[in-house]
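A single chain, nothing else alongside it, follows as structure tokens in the form predicted alone.
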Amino acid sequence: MFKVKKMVLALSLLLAFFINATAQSQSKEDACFRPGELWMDNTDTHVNAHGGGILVANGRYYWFGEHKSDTTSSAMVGVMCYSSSDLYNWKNEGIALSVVDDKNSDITRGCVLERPKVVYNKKTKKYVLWFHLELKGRGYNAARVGVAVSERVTGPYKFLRSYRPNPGIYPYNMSEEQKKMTLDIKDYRKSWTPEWYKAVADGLFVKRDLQSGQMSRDMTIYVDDDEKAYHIYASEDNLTLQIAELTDDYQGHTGKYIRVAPAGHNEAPAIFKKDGVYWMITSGCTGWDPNAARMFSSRSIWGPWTQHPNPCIGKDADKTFFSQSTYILPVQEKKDAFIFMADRWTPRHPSNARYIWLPIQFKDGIPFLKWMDKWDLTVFD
């Protein structure tokens, strides 16, 4: 009997050691990024937070993104929220902003609600959620920005309104000569000609949309070191990026904005700042299909902005590794550590879209991106 007890004890200790070793191995395996693979949350479900951004609050990371359904890219649920302490493992915090069944609401179920970004306003002590909004049944013609607020980081967020930014106001960096030009869209029925490109660069679409407000599609929100916040978005039929200053409460626009790369055809802006230089990575406009990333820099948010070559290098660099930028995340407690966040879209099965997170590296002070099958935060050490 004594020998049997000893054998049982030995087997129990061996089993405990095996379970513990397996758990440690699994934990170690989870402490890494695997771009392009399924990313499971705490419920063993693929994270559903596409086109998103991340906010740091209460010592945790909060990831907000579009909830994608299996068969449509229209918003059937709303904006999701996930939280993490290590960036590897994510807890589903539920729906931060829900679409509604009121057909008269701008965010009625079936609208297009994309690229949500949340920022915290220290003065009002409120969390402010911005997103690109297209009204249901109107395709991509509305080109609006939407805003919602909450006193809790995870929500629920209260929808305030949607609109086109800065109606009746010319861009800060548009010349007086350009403002005085007579440019009528009816005179440029043939697109993509040299004359048409020049007219766009001179403000053809700015003038067309002057009274209604400027078009706002793919977007991000950036809060600078001085707590000033900026709305950066694809405008003018996605031909020109615009950067617009937000009000002190982050819930509206001040009326000051500029144009970046007029007629350059950029979307999907993502921005960060290092050593006093603003860096912005964008995408070309090829629908759901990937293309080569673009990169711009400036020593002032108000420009001038200088374009650089594609920051991606190596295999599939010309397709941004089959993804499109959405946000650039500064890693907490690590100096000059930034993560490039992108989405690998799958329009035939939207919920299956994958996330491409890569470390931003630098050579001679210039950012670049290189593919990694697997990596972790020690790369920044």
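Fair warning: this is a prediction, and the values are worked out from it, not measured in the lab. Just count from 1 along the sequence shown to find any residue number.
What follows is about the form predicted in complex with a small molecule, which we do not show.
K.L.:
Can you tell me whether R115 touches the small molecule? I mean in the model of the complex, with a 4.5 angstroms heavy atom cut-off.
P.N.:
R115: yes, in contact with the small molecule in the model of the complex.
K.L.:
Is D218 close enough to touch the small molecule in the model of the complex, meaning at least one heavy atom pair within 4.5 Å?
P.N.:
The answer is yes: D218 has a heavy atom within 4.5 Å of the small molecule.
K.L.:
Counting only non-hydrogen atoms and a 4.5 angstroms cut-off, does E93 reach the small molecule in the model of the complex?
P.N.:
Although the small molecule is absent here, E93 would stay clear of it in the model of the complex, with no heavy atoms inside 4.5 Å.
K.L.:
Within a 4.5 Å heavy atom cut-off, is P194 in contact with the small molecule in the model of the complex?
P.N.:
Although the small molecule is absent here, P194 would stay clear of it in the model of the complex, with no heavy atoms inside 4.5 Å.
K.L.:
Can you work out whether the small molecule is within 4.5 angstroms of a heavy atom in all three of Y120, E227 and G252 in the model of the complex?
P.N.:
So, no: the whole triplet misses the small molecule.
K.L.:
Could you work out which of Y188, Y88, Y140, Y172 is the residue within 4.5 angstroms of the small molecule in the model of the complex, going by heavy atoms?
P.N.:
None of the others qualify; the residue that does is Y140.
K.L.:
Which pick from D237, D106, E267, D209 sits with a heavy atom within 4.5 Å of the small molecule in the model of the complex?
P.N.:
Only one option qualifies, and that one is E267.
K.L.:
Which one of these stretches, 305 to 313, 158 to 166, 287 to 295, 121 to 129, sits within 4.5 Å of the small molecule in the model of the complex when only heavy atoms are counted?
P.N.:
One stretch meets the cut-off, namely 287 to 295.
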